[in-house]
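This document starts with one chain, in the form predicted on its own, laid out as structure tokens.
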Amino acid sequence: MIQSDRRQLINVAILIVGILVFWEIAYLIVGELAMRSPHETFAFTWKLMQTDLFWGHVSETMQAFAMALAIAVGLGLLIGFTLAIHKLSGDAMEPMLVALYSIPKITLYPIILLAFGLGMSAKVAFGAIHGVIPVALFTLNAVRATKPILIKTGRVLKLPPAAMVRTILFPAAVPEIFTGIRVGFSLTLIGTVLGEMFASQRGMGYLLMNAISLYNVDLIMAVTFLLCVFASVVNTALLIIDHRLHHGA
């Protein structure tokens, strides 16, 4: 286990070095017109992080993202377990969920705005619809893959659906469910930032869109860099936990 974690950390370090080298090469090719070097981006990001205005935008994004992720995970688990328990419903709804998942979510944004209006609620809703379907699909397939002997045991004990989920299905399906949550995390973050870019006056997405409109390359690079770092760090931690859960399974 320790060697596996160490190997993963080494791979991450190699990846980071490779990204920085590629970034520097791309900067040398493209030039100052469209990019900044890693050193220049790090320096500007450090100055940006010392301003209260920046942390206000970060707080807004994290608040919206946390609520969106909680809704996506909660609703995804509910849908997944419900469809898994009712086999006929699961067989009928799974293709519909896959089809809905394939639809570009940006096409739904006008509907989200009409339903929730501008502000926090629209960002939360737009983030949640990105993450809920992966969680639901992974949960559905995880429960389907549960060993039949466990399900038979629950039926012999005459467990009600809630107790069946709590004591048998959920513990057995945790590794795959966590994989769905990891995927849902990334998509929910994307949805939240996109929501801020198109209909918000606060948040990292708004900051990024404002920088684009003003052609502020330094700010564009800094915000993009911070979002990538946040997503990469959390995803790496989630991936390590995911591997441990599957290894233990």
Partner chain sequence: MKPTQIYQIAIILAFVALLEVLCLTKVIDKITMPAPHFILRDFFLMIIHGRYFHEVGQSMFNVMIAFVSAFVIGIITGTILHAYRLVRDVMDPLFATYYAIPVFAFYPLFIMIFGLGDGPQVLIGYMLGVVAVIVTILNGLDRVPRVLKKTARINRLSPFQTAIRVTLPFCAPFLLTAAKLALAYAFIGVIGSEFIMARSGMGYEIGHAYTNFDNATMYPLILLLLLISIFMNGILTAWEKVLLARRGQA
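All figures in this text were calculated on a predicted structure; none of them were measured in a lab. Numbering follows the first chain given and starts at 1.
The next section is about a form of this same protein that is not shown, the form predicted together with its partner chain.
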Checklist entry - For the chain seen here without its partner, which of 152-160, 86-94, 172-180, 131-139 has a heavy atom within 4.5 Å of its partner chain in the predicted bound form? => result 86-94
Checklist entry - Of 67, 58, 48, 190, which one comes within 4.5 Å of its partner chain in the predicted bound form, counting heavy atoms only? => result 190
Item to check | Close approach of residue 111 to its partner chain in the predicted bound form, 4.5 Å, heavy atom | outcome: yes
Checklist entry - Does the 4.5 Å heavy atom contact test between residue 186 and its partner chain in the predicted bound form come out positive? => result yes
Checklist entry - Is there any non-hydrogen atom of residue 224 lying within 4.5 Å of its partner chain in the predicted bound form? => result yes
Checklist entry - Can residue 145 be called a contact residue for its partner chain in the predicted bound form at 4.5 Å between heavy atoms? => result no
Item to check | Stretch 199-231: residues contacting its partner chain in the predicted bound form, 4.5 Å heavy atom cut-off | outcome: 208, 209, 212, 215, 217, 220, 221, 224, 227, 228, 231
